[in-house]
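Next up: a single chain in structure tokens, the form predicted on its own.
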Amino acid sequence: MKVTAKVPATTANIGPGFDCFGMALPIYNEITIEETVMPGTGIEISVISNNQDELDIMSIPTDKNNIVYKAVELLYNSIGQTPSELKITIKSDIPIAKGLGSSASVIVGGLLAANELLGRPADEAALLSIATEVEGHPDNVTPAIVGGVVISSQEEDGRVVYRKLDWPEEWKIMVCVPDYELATDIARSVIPKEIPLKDAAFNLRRSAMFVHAVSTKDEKLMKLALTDKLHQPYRMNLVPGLSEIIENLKHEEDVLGCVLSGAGPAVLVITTGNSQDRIKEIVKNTWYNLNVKSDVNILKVEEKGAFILN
């Protein structure tokens, strides 16, 4: 039996919602798991991509250290089983190490496909819990599973609690991806273990503003909400061009905000109106002046989360 799951990309944090806010985007990975019939073949993992750098593909483990296998193993163990003869194929279209949830997508895809193979023993809550255990936080895996714009939290007992927000259709998401990478562990290493109380209070206020602004389509409030003092200032030096892009866009009336996508280096620009072409040109030229090539696309929120293809 063979099962394929298709999973959207995600962006996390979205300004003030560090490890809490997440959004699904219409770029996809596909993960196929097949039960092999040949005894003794063990675990076989392969990665296919038409647009990823060959070095990126080569860096992905193809043994039991692969995060897809780790997620699948946890699922099997949760029902008292051990995975044995499995062939796992990852079709990768979500850019790796760009802040667009590539790792979350393959974790979710592996879990969804394996759960289907096993007869769906795990419900959504169990899948969210296992995915978060592997990924480390729920902000990417939750929208990958349920789609849309999501607020999520992992509780002390391992449960993931989430709620979806209705994103205003007229607010466009511009996903700006430079041609350099930033590993998540490096991006996390620069964030201090403790932060000033005033910065925590600042982000609490901005997070509350974000939820209200999205719920009421309040553009003026959203411009205030899309700011952060917990992670973005510390990561600024790891993302060449980010400070310049923010500076060059600050007087553009249609720009609601410019934030890191997850840990970066991809950048999200949230816009209204009809000036997307001008904003796109500003972003691309800013990076070009720093000898950085980039890809900029205007995307809608992917309201549908991961699903089984066959």
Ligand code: HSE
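Every value quoted in this text rests on a predicted model; they were computed, and no experiment measured them. Residue indices: 1-based, along the sequence shown.
One more form of this protein should be noted, the form predicted together with L-homoserine, which is absent from this view; the next part is about it.
**Q** Though only this chain appears here, would residue 135 touch L-homoserine in the predicted bound form if you measure heavy atom gaps against 4.5 Å?
**A** The answer is yes: residue 135 has a heavy atom within 4.5 Å of L-homoserine.
**Q** Can you work out whether residue 184 and L-homoserine are in contact in the predicted bound form, taking contact to mean some heavy atom pair no more than 4.5 Å apart?
**A** Residue-level check for residue 184: yes, a contact with L-homoserine.
**Q** Determine whether any heavy atom of residue 172 comes within 4.5 Å of a heavy atom of L-homoserine in the predicted bound form, and answer yes or no.
**A** Contact check for residue 172: no, nothing within 4.5 Å of L-homoserine in the predicted bound form.
**Q** Would residue 87 sit within 4.5 Å of L-homoserine in the predicted bound form, counting heavy atoms only?
**A** No, residue 87 sits far enough from L-homoserine in the predicted bound form that none of its heavy atoms falls within 4.5 Å.
**Q** Pick from 119 to 127, 203 to 211, 136 to 144, 77 to 85: which stretch has non-hydrogen atoms within 4.5 Å of L-homoserine in the predicted bound form?
**A** Stretch 136 to 144 is the one.
**Q** Which one of 164, 188, 159, 217 is close to L-homoserine in the predicted bound form, taking close to mean a heavy atom within 4.5 Å?
**A** Selected residue: 188.
**Q** Would you kindly say which of 255, 245, 263, 60 lies with a heavy atom within 4.5 Å of L-homoserine in the predicted bound form?
**A** Answer to the contact question: 263.
**Q** What are the residues of 143 to 164, in order along the chain, with a heavy atom within 4.5 Å of L-homoserine in the predicted bound form?
**A** Sequence-ordered list is empty.
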